[in-house]
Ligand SMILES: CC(C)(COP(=O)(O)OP(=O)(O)OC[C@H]1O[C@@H](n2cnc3c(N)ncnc32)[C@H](O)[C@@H]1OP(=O)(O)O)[C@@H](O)C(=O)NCCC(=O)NCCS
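Before any questions on how it binds or moves, here is one chain, the form predicted alone, in structure tokens.
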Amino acid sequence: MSRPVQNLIYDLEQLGAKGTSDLQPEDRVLFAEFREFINLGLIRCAERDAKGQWRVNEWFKRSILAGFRLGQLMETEGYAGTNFFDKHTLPTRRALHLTNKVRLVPGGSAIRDGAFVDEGVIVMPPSYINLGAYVGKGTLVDSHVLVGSCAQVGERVHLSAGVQVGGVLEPIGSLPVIIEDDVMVGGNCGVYEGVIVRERAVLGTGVLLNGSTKVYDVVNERVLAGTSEVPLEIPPCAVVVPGSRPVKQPFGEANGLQIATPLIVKYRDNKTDASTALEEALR
């Protein structure tokens, strides 16, 4: 890439501000350049500042939405003669080489062009990494995993089988789902609506987190929740498991109803580290 990132960002800001009727065929060239900068990890949807706070790059999301408007519906041929119909500006990524040191295991996975996948990532089939996503070095994306649009996944993360990491394209100013370094996400977990999972946290099998989830920290005797301004954050090293609490209302009490409630039951220790360690032999 010969041109400076800031020059590209300036052009993308202009692109994202255009209405559908103002878009020109030559804007597709800019959108293709945008995808390539993402592929190389030169730009990303959200970034962490020196204080550990995440901010979203609105021009990034606006550019993706412009790419949808720029595209024309076309037919493409997939594996075993299967046909797909999608916008031609949003292709599957084909520029993966051995030099990327990414293991894309055979069996029906797909990575969209314009998703960053760093060295040492393993993608087990079938899995899907969507446009604008960021997957850090040494992360394992296990079978039946979705990494949604613009989701940010750190280094050495374990996304176990059946994990859903939601993406957030709209509203423009909303943070995407963010999973920081060295997080363990157990099987069939779901993380949605801009939730932030801080470094070295552990989500036990079946934990579901979204923007309105309340998480009960049993260790520190507090309740964690997001607001319209601040997303829900799982603290560093927290170990979260599925739990429940009673419905305190006559009908609920009469019928013994419970509401699913994630619980922080401990914070990571040596025993936890041993049980969640990534096996280097697999890499």
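Note that residue numbering follows the sequence shown and begins at 1. All values reported here derive from a predicted model rather than from experimental measurement.
Another form, the form predicted together with the named molecule, is not on view; read the next lines as being about it.
For the options Asp86, Glu199, Asp142, Asp113, the residue carrying a heavy atom within 4.5 angstroms of the named molecule in the predicted complex is Asp142. Contact annotation: of the candidates Thr20, Ser275, Gln24, Gln14, the single residue with a non-hydrogen atom within 4.5 angstroms of the named molecule in the predicted complex is Ser275.
Annotated contacts: Ser160, Gly204 and Lys271 all touch the named molecule in the predicted complex [non-hydrogen atom within 4.5 angstroms]. In the predicted complex, the named molecule stays beyond 4.5 Å of every heavy atom belonging to Ile9.
The named molecule is not shown here, and in the predicted complex it never comes within 4.5 Å of any heavy atom of Val215. Proximity of Val121 to the named molecule in the predicted complex: non-hydrogen atoms within 4.5 Å are absent; the residue sits far from the partner. Among heavy atoms of Gly186, some come within 4.5 Å of the named molecule in the predicted complex. Heavy atoms within 4.5 Å of the named molecule in the predicted complex are found in one stretch of 235 to 243, 39 to 47, 249 to 257, 219 to 227, which is 235 to 243. Scanning 254 to 269 for heavy atoms within 4.5 Å of the named molecule in the predicted complex gives Val265, Lys266, Asp269 in sequence order.
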